[in-house]
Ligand code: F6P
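Only one chain is shown below, in structure tokens, and it's the form predicted alone.
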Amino acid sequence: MKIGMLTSGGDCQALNAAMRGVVKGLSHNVRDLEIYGFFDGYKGLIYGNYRLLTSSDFSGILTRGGTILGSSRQPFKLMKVPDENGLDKVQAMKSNYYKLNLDCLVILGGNGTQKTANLLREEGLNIIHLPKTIDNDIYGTDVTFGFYSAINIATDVIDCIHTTAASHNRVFIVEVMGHKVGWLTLYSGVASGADIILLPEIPYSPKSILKAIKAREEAGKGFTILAVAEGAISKEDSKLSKKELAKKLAKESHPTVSYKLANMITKETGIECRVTVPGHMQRGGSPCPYDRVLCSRLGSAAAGAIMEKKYGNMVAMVNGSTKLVPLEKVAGKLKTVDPKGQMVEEAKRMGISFGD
């Protein structure tokens, strides 16, 4: 059996653990097994940059962050566009797949990666996809690997901010990753006791934010913590088209929404407001125990699907059980936070403001 494997898009903590789960699941059940690793995501598949991997490559990587194969971003919208030398990328990927006579290609990645995986399925390749992203926004699975590890980091950051915010009676904004969805901000915000949580799915009103800060001040609480998703948007801006919004943002001097909010808060309240952006720290470090277990299970389930030739699927986690979900049913779909969902309502019940 010959299996290809690649990791695409932004890295996260548990990619190595997931690959290890696939290989261990296969190696203990398949007599003759060859694993070919493509380097730097789809780029390796396009340009034929790969290597035959051995068991030693997967030894000791359960706890290691990043990816031993490297990764890169190859936008789906450009996959059918020839490269600068006129190379047909899709045909090149198919050619390298058939050149190695692969039985299956295991692809680990997020939404964009998944769309290309589905494209390759449509082109006739045997594909298994494993859902990776710290954003937890892949449709069809309850959880993606990397999500809980990132929650731990974002929560630790906000926890540390609490002590200095309380000491100086300041307003602090912690900007959490998440352009389109707010799962990471929601979970880390609740876990760390943030006072205000701003998500892309719930457009905010500056007046509501100021009202929440003032209410805490009147209650004798001298500091306020805001957990803000990098894709948080005001009610006013949410009414603009993508083109209109891009034009407006291009004229603004603030690098991100958090700095814009900080300036507004200081101007309107006179309270000193500071911004902390943990950025790519949220992708780094070792995977948490939850993600190690999750990836071991997803990897083993992927191995089972390969042995049973159940190709063209994403291996998902649904209601605590692994499940094969057809790529054609989930590719291109986004799992967003429900503004009226239980978790948001429960957070509001505890006094957390969502700026709406």
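Fair warning: this is a prediction, and the values are worked out from it, not measured in the lab. Start at 1 with the first residue shown and count on from there.
The discussion below concerns the form predicted together with the named molecule, not included here.
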> Which one of I134, L226, A232, I138 is close to the named molecule in the predicted bound form, taking close to mean a heavy atom within 4.5 Å?
Replying inline: I134
>> Can you work out which of R73, H168, K221, K80 has a heavy atom no more than 4.5 Å from the named molecule in the predicted bound form?
In response: R73
> For K99, is any heavy atom within 4.5 Å of the named molecule in the predicted bound form, or not?
Replying inline: no
>> Given that the named molecule is not shown alongside this chain, does M177 nevertheless sit within 4.5 Å of it in the predicted bound form, heavy atom to heavy atom?
In response: yes
> Hey, in the predicted bound form, is H280 touching the named molecule, heavy atoms inside 4.5 Å?
Replying inline: yes
> Thinking of the named molecule in the predicted bound form, which stretch from 126-134, 188-196, 238-246, 255-263 has heavy atoms inside 4.5 Å of it?
Replying inline: 126-134
